[in-house]
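The form predicted alone is given below as one chain in structure tokens.
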């Protein structure tokens, strides 16, 4: 059959690039004491952009997990089968230390380096990052029970992905999941009805349901249940020490908008055995340690998604002609791309700063711990919410080509809202900001000290900080505080991002951010940077050089 036409004016496949080819990322590593990990981050970034890993990412989503409740003979098995590509992604993530390895690393900047790796590899395929993130976050919660932590933490930190249902303490490495929310409560975990009863042998028996259990083939789960003293945290293994299956019944897998490579399940505990973690009745406080760490990964993941979408949009614009010129040279398209780049860099710079705050908090810096607490709360609200808007605009840069599955853009678009919902959707995150402002000693002072480090460097930033300070006294009235919560969270994130960019980024990026986010009324859609914005340096920093 003869061809009817020659294919012209289409962008070539975007493969063979490095997700670590990112000035904002590498500068943050060097700035905050993670330069020792730069080579590993670069190697992982090159692998994430390889044709092999890009194909794994496609296959893992196109062939989602399948639930098998029974075997061929009718025995209950409650197992989830994954495509081999999912396991290959997990193997790389664990071997590179993106899970809990940072907790056993003694070099300064361990959590920053881990964050950079997570950012680089999540750009290839974000779904597998869910169990990786939960394994990372399980460690600080588990430390509330030192005897359990002494046994499980080395296995959670081990760089061996050892998939399969076997007694956890006999495996080379472990993956952790989370099993918290229930039908009637959602984020209101105090409304949980799952019961926990002591068995007389130092364990508890759990009976009840869970509406969302992430990564149900994990080796252990942190869960909440109602003990006699109140809501309590427990460690629940999938397989008991004697090799028997713990009765965690997988009722069905969630049919999700995105995050398709990763399984999320509704489960029933049918007298499942569990070990208490932390004080009885203090389960919410215990599991908050896990939630705060996974919220960091929500911010990192949102930043990673923005960078991936920006890369695709730039690649398309540099290889597509319209109306007699390359798209990237059209003034309006340049404005859109530069605006997407500014948003991406602001998110990345903030995410890495929060990761460095975790490092310093772990080293005993109380001010950094307070900054991390409030900074995470505001960032979880705003950065994760911006992720979906960013993905939509990046997709639109490809026009109809971006709307088809082969482009990879629909996967980014479907994934983005998850990070705004996971670990507390918009209202929950905004209310957590109020909680941190009211209850965390030194949090506001640490936040303002960080922002004020750029005082006097940009008048627009100074004016925005003054406006924020004018809002804060209005939070004393509880009802008014709720009505202002989202606005306050947004403004706090923007001035924090502005301060970081003014101090550390290219002047053109900082100027564009302050002009469009902190000053004037230039519109809320991407592509509304003020006339005269110097887009050249912004796009040069954002351009994926290895792919040109």
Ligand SMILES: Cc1cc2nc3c(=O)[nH]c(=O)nc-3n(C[C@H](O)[C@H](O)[C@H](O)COP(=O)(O)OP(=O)(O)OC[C@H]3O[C@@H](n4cnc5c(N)ncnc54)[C@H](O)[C@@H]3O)c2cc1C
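Worth saying up front: this structure is predicted, and the values here are computed from it rather than measured. Numbering follows the first chain given and starts at 1.
Not pictured, yet referred to below: the form predicted in complex with this ligand.
Can you work out whether residue 426 and this ligand are in contact in the predicted bound form, taking contact to mean some heavy atom pair no more than 4.5 Å apart?
Yes, residue 426 is a contact residue.
Give a yes/no on whether residue 256 approaches this ligand to within 4.5 Å in the predicted bound form, heavy atoms considered.
Yes - in the predicted bound form, heavy atoms of residue 256 and this ligand come within 4.5 Å of each other.
Any chance residue 146 has a heavy atom within 4.5 Å of this ligand in the predicted bound form?
Contact check for residue 146: no, nothing within 4.5 Å of this ligand in the predicted bound form.
Is residue 134 part of the interface with this ligand in the predicted bound form - any heavy atom within 4.5 Å?
Yes, contact at 4.5 Å.
For the chain seen here without its partner, which of 233-241, 277-285, 428-436, 464-472 has a heavy atom within 4.5 Å of this ligand in the predicted bound form?
Of the options given, it is 428-436.
Just one of 312, 213, 356, 123 has a heavy atom within 4.5 Å of this ligand in the predicted bound form. Which one?
Going through each option in turn, the one that passes is 213.
To verify the annotation, which of these, 352, 416, 303, 178, has a non-hydrogen atom within 4.5 Å of this ligand in the predicted bound form?
It is 178.
At 4.5 Å, heavy atom to heavy atom, what parts of 406-422 sit next to this ligand in the predicted bound form? List them in sequence order, or say none.
The stretch touches the partner through 418, 421, 422.
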